[in-house]
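For reference, the chain that follows is the form predicted alone, supplied as structure tokens.
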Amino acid sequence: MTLPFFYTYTFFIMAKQKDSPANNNERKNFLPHIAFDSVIFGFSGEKLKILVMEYHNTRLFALPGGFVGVTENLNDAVRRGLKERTGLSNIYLQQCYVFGDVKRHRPAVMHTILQANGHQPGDDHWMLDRFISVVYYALINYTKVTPRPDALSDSCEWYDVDALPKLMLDHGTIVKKALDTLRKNLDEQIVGMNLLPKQFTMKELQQVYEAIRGEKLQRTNFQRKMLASGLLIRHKKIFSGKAHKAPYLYQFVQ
């Protein structure tokens, strides 16, 4: 028998809350004092974007993150979290830094988030403990993502990298570190990116570089550099009646 929508929805929410890390009895299922945060980059065709969550009834914005199960590899936990937020499995992932300063421990913030979601955490709640966060950045195809909030959030949305809302705790610093690391490693990591379709034009590739670096590049110099890099395979032009208008298509060497 199919349950009416209201009851189905109620049972769904109760199940999420029962299995959620927000419940103190879930402490035994996760490694103590270790968390991860993910800076998820996507490219819209013009802008570099980052996926940001808003916690329910708090106006607090944060990066997607989570905890590591006691029987779970760290990288597997991060990929699990990314799939839960984006629906994607084939994601380019890079660990970039570990944040562990004492000043990042502000239990009052998490206490506010838990209370806003109907929990009444005591001072011994495990999510109020101090956490060291291992930070990753991910590069994904913006067009293939349907953002999904977690059990404590109202929304999970794309924001332009230069127009982010004010992020809680040290998440703004985390974004800056991830972006700096991506820029430094851009030439080495461009092949592994999922920011572009399988085949793309030189103009589209240049737009990705410009969006990540935050600066305009000289077209001729960029094209010469990329063609000399050995990273690209060039395909024949697709003629559409105006041969001089047809751009070459490229794809990365695997």
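Between two forms, the rigid core is defined as the largest C-alpha subset superposing within 1.5 Å. This one's a predicted model, so the numbers in the text were calculated from it and none came from an experiment. For every residue, the number given is its place in the sequence shown, counted from 1.
There is another form of this protein, the form predicted in complex with another copy of the chain, and it is not shown here; the text below is about that form.
K.L.:
Applying a 4.5 Å heavy atom distance criterion, does M168 contact another copy of the chain in the predicted complex?
P.N.:
No, M168 is distant from the partner.
K.L.:
Is V98 close enough to touch another copy of the chain in the predicted complex, meaning at least one heavy atom pair within 4.5 Å?
P.N.:
Output for V98 is yes: heavy atoms within 4.5 Å of another copy of the chain.
K.L.:
Taking another copy of the chain as it sits in the predicted complex, is S44 in contact with it (heavy atom to heavy atom, 4.5 Å or less)?
P.N.:
Although another copy of the chain is absent here, S44 would stay clear of it in the predicted complex, with no heavy atoms inside 4.5 Å.
K.L.:
Does another copy of the chain come within 4.5 Å of any heavy atom of A151 in the predicted complex?
P.N.:
Contact with another copy of the chain, no.
K.L.:
Would you mind picking the one in K176, K83, K144, R130 that has a heavy atom within 4.5 Å of another copy of the chain in the predicted complex?
P.N.:
When another copy of the chain is considered in the predicted complex, the option within 4.5 Å is R130.
K.L.:
Heavy atom within 4.5 Å of another copy of the chain in the predicted complex: which of R213, H33, R59, K203?
P.N.:
Looking at R213, H33, R59, K203 one by one, just H33 meets the 4.5 Å heavy-atom criterion.
K.L.:
For the interface check, one of 111-119, 153-161, 69-77, 83-91 should have non-hydrogen atoms within 4.5 Å of another copy of the chain in the predicted complex; which one?
P.N.:
Contact-bearing stretch, as computed: 69-77.
K.L.:
Examine F222 after superposing the rigid core and state whether its CA is displaced by 2 Å or more between the shown form and the other one.
P.N.:
F222: C-alpha displaced by 2 Å or more between the shown form and the other one.
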